[in-house]
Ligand SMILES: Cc1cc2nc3c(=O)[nH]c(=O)nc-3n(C[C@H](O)[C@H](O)[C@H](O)COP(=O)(O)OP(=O)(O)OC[C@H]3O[C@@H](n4cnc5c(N)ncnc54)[C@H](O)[C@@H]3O)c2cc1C
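A single chain comes next, written as structure tokens; it is the form predicted alone.
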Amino acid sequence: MKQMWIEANRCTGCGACADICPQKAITMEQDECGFIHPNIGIRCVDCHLCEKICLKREERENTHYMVPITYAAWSKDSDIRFCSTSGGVFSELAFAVLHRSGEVAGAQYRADNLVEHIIIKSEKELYKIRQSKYIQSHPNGIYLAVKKSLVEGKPVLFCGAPCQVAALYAYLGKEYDNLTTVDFICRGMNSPKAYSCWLKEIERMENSRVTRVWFKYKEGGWKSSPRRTRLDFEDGHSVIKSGTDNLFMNGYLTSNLYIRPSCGHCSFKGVPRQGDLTIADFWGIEESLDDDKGTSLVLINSDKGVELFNSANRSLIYQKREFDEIFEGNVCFTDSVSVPVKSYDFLCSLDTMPFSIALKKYSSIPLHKKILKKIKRIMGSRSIKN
């Protein structure tokens, strides 16, 4: 293997380097922690296009709005809304493109429950790329596929993490009038290894293979959905993991143990955004726009974003909001998470240890920190009484 041009803890695993390689000398392969990295094979002719595209992602001249147009919104279709992570706005944007004989690129579950990017060409396929997946998707040659469709003149909507949207623009090397992009407010990419180990442990307990993973399952309400996951099994039964029993999501939201190292110092936060639109949950929205069924935060970041939103808004209930409203409920809009040093040891321990035991071992709070936390709580209660 040749010397890499980028340190492992800075690589986002976007895969643009593999698609840009004219010799097909680069494959994206998992490391011991389950994160994909480029592996340069013997076909390499030292053209350095892989290195150049990596730099271009962060050097792109981004002319998107510094103050996005902000909306709270949800789909008028109650079924779409229930089956979506927040308000179903992505589905309505996708319909608007598909109705123009366009194509939509997004992330789908594979048969093994891992995630990859694909292109869909019809409404009946939209279910494949709906909902948040909470693990890193394999790029699967998506930039090549998107460029092919763009060159053919087809309208294309691309949805991905900010780093993936930046990678697409770097790969294309120029603007395409028929391309619109959507990113989301990203907390960090989780290790497929950790996720697979969590599922395997549950499969052993349930004595059946998981055939469907439904993160943020809304039965019971949207507000509590981040810690609720529905799992469907091959033998026909389903299980709902919620609260602290939902080990994967609970661990993700509290420990950061299986988030990709590069996400701890993300280069694609804040404004201007990478995508023409940004979608997320609108946490903290006032009660008049929160009926506990899911409300989308929509940021329109460019003229293209305005055009697409306007073509879809007849299918939406929406209200204009102030941009400043988004920050309290979406701290990861501007800030990266802190990935703990022991993350590496945790992920390696999964080779010999069940997910639940490893999570308990590595996410436990040291005794001195527990004592300090208790002292602060006692002092805080005394201050209130006084």
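Residue indices: 1-based, along the sequence shown. These numbers were taken from a predicted model, which means no experiment stands behind them.
The same protein also has a form predicted in complex with the named molecule, omitted here; what follows describes it.
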Query raised in the report: Quick one: which of 254-262, 99-107, 200-208, 302-310 gets within 4.5 Å of the named molecule in the model of the complex, going by heavy atoms?
Result: 99-107
Query raised in the report: Since exactly one of Ala166, Ile135, Ala194, Ile142 fits, which has a heavy atom within 4.5 Å of the named molecule in the model of the complex?
Result: Ile135
**Report entry** One residue of Lys241, Lys147, Lys154, Lys216 in contact with the named molecule, assessed in the model of the complex (non-hydrogen atom, 4.5 angstroms)
**Finding:** Lys216
Query raised in the report: With the partner left out of view, is Cys332 within 4.5 angstroms of the named molecule in the model of the complex by any non-hydrogen atom?
Result: yes
Query raised in the report: Just to confirm, Arg230 within 4.5 Å of the named molecule in the model of the complex by heavy atoms?
Result: no
Requested in this report: Report whether the minimum heavy atom distance between Leu277 and the named molecule in the model of the complex is within 4.5 Å.
Outcome: no
Query raised in the report: Does Trp283 reach the named molecule in the model of the complex if we count a contact as any heavy atom within 4.5 Å?
Result: yes
**Report entry** Within 152-166, the residues that have a heavy atom no more than 4.5 Å from the named molecule in the model of the complex
**Finding:** Cys159, Gly160, Ala161, Gln164
